[in-house]
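Only one chain comes next, encoded as structure tokens, the form predicted on its own.
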């Protein structure tokens, strides 16, 4: 028997695959149960109440599939729903806001940290609030990037459209003199080459997935569960073929297991 802890991961779409890639590297023995809410993507313009409801329904689904720990790989829901989820469910639930902030605080040289994220995440001011709670001596500059998620969901991460949108969104952060940039949405690491080209080598780009999975590994190692290794599972609420096609392209044309579409009661 091999130690295994089934890890549930959810996001609005393919963005959470950046977290999956880190899990595969740092916890190769882990079994991943992934849910992409592609029927409701993008989450950026959703209300706080909608985001909490979606996250709640998805967490229950992942638990029903056998998840022993859950990663909320969506910054929008991590920003507004994480406290609710942690209070409701007994299993460990890890968000992506705090890990990204911790990494940025440790790496910034001038204390000016940029955050690019969805409208919902920027509106929540979650990064600023967490920095204040930590007593971190940093100045947070936020920038909503509503075009980024649709660009990534369509697989156009190196297109002229992506470059022009990035140039527009990054300009005010560059003027603010940031030396560190938090990718405040798990879709955004797929745009890193474009972002780094515009920002130049003097700005550190922080992918919260790296630190999030470091924290996840500590939780997994503390759970004494032994079972036969199972295969990864991928579920979506929308079109499975599109998720499969775009997802495989984004992760370097690696094969994903067959993506299954499921119908959940969203309470709409």
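Positions refer to the first chain, counted from 1. Given the structure is predicted, the values throughout are model-derived calculations rather than measurements.
The next section is about a form of this same protein that is not shown, the form predicted together with D-glutamic acid (DGL).
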Review point. Out of 59, 220, 41, 236, which one falls within 4.5 Å of D-glutamic acid (DGL) in the predicted bound form, going by heavy atoms?
Key: 41
Study note, to complete from the structure: in the predicted bound form, the residue from 82, 141, 149, 122 with a non-hydrogen atom within 4.5 Å of D-glutamic acid (DGL) is 149
Review point. Given that the partner is absent here, does residue 71 sit within 4.5 Å of D-glutamic acid (DGL) in the predicted bound form, heavy atoms only?
Key: no
Point to revise | 4.5 angstroms heavy atom contact with D-glutamic acid (DGL) in the predicted bound form for residue 187 | key: yes
Practice item. Pick the stretch from 164-172, 122-130, 73-81, 194-202 whose residues have a heavy atom within 4.5 Å of D-glutamic acid (DGL) in the predicted bound form. Key: 73-81
